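Just the one chain here, the form predicted on its own, laid out as structure tokens.
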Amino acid sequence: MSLSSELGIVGIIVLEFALVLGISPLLSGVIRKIKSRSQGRVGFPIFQSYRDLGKLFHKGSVYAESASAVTEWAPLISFGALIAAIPLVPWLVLPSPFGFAGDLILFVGLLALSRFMTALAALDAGSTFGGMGSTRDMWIGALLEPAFLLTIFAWGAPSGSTGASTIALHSISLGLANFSPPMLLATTAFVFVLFAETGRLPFDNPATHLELTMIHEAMVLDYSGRELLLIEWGKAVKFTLLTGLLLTVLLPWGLSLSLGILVLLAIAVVVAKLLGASVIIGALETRFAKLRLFRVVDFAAVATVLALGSISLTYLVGV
């Protein structure tokens, strides 16, 4: 590999990190705006999330007397796990510079690590609400993680790989045939997973102020300052990661197949797709009410069955 190619790969990786980290707060702002409009309110500007993160950066941190070093370091480790997952998704170029066979299995593992560290910190602080929120969050994660993995296997079955780049290249080669029944079943299952993993309605309500119904927000009540910044920014990055993965598999067109000027076009296409997906997800979220906790089992079961149905159609029927 020549020096110019190596520099080009480094540049692509830097662009991908900058793209995901930079646009994540904007996507959160778009969803908040959509939800506000649906309720007849003006709502915050879509760039308000950047201002909120900036305020948190300049504020000091306060810890509970019972907290240990886990509370201090958990947000950084959780955020770092999400950052490490960024290059596993092909954002601009196919094949991805960091792609390898089975990278989506690592992707699931990194998201699970991020969730675990946040829940562990909530327990470490000794707060009643933190313990309640972390227990609920880990329970929902345990229910949805099988569906998450089965969806990855369903997406990878036609190409024989769980590598994101291989799946995306196979989807491009299929053209409109990519919208097959197995793909649509697996995608529907993944949408359930996306809503649950990112703490959105109907699984959780990120805008709630009722302590007894909080899940994610209950886990971060004891945080402030830069640690809270990492948690809130990480939540936005996680949404961007999952949405980007969905778009890469379902709508991979627009990604560049070489290191060249087309990368700039790919940036514009990815931004447009992410903004469009955020509008759709925000509109969908306004149609849901908060589920009772025991009803989450039903949604997890439906997602698992849909993913299994997708795999069955691929292998047994040959669709």
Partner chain sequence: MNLPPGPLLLLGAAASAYLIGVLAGLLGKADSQGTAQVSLAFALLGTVLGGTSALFELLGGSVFNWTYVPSGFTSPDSVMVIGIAMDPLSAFFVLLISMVGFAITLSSFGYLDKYVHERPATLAGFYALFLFTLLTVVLAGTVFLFLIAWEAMTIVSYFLVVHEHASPKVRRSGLFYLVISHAAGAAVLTSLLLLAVYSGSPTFAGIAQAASHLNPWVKSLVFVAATLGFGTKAGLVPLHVWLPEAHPAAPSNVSALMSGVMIKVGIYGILRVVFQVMGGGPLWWGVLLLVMGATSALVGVLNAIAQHDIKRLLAFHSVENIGIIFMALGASLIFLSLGFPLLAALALLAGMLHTVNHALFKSLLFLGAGAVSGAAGTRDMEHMGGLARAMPQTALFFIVGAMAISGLPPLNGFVSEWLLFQAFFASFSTGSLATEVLLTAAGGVLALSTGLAGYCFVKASGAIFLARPRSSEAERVSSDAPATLRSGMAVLSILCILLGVVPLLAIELIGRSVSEITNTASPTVSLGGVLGSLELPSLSGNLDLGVIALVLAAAILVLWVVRRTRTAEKDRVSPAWDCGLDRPTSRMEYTPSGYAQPILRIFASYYAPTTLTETSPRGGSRPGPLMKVSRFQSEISYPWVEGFFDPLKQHVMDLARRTSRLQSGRIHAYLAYFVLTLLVLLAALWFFGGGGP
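Here the structure is a predicted model, which means the values were calculated and not measured. Numbering follows the first chain given and starts at 1.
Keep in mind that the form predicted together with its partner chain is missing from the display, and what follows is about it.
Engineer: Looking at Ala168, Ala196, Leu245, Leu230, which has any heavy atom no more than 4.5 Å from its partner chain in the model of the complex?
Structural biologist: For this set of options, the contacting one is Leu230.
Engineer: Let me know the one among Leu241, Val93, Leu150, Val249 whose heavy atoms come within 4.5 Å of its partner chain in the model of the complex, would you?
Structural biologist: After the contact test, the surviving option is Leu150.
Engineer: Looking at 28 to 36, 50 to 58, 278 to 286, 262 to 270, which one sits within 4.5 Å of its partner chain in the model of the complex if you count heavy atoms only?
Structural biologist: That would be stretch 50 to 58.
Engineer: Indicate whether Gly99 is a 4.5 Å heavy atom neighbour of its partner chain in the model of the complex.
Structural biologist: Yes, Gly99 sits close enough to its partner chain in the model of the complex that at least one of its heavy atoms falls within 4.5 Å.
Engineer: Using 4.5 Å between non-hydrogen atoms, is Ser66 touching its partner chain in the model of the complex?
Structural biologist: Ser66 belongs to the contact set for its partner chain.
Engineer: Is Ile311 near its partner chain? Define near as a heavy atom within 4.5 Å, in the model of the complex.
Structural biologist: Flag for Ile311 set to yes.
Engineer: Although the partner isn't part of this model, could you tell me whether Leu88 comes within 4.5 Å of its partner chain in the model of the complex, counting any heavy atom of the residue?
Structural biologist: Although its partner chain is absent here, Leu88 would touch it in the model of the complex, with heavy atoms inside 4.5 Å.
Engineer: Which residues within 71 to 95 place at least one heavy atom within 4.5 Å of its partner chain in the model of the complex?
Structural biologist: Those in contact are Glu72, Trp73, Leu76, Ile77, Phe79, Gly80, Ala81, Ile83, Ala84, Leu88.
Engineer: So the Cα-Cα distance between Phe17 and Gly102 shifts by 3 Å or more in the model of the complex; is it shorter or longer than what we see here?
Structural biologist: Relative to this form, closer in the model of the complex.
Engineer: Between Ala101 and Leu82, do the C-alpha atoms lie closer or farther in the model of the complex than in the shown form, with a difference of 3 angstroms or more?
Structural biologist: Closer in the model of the complex, by 3 Å or more.
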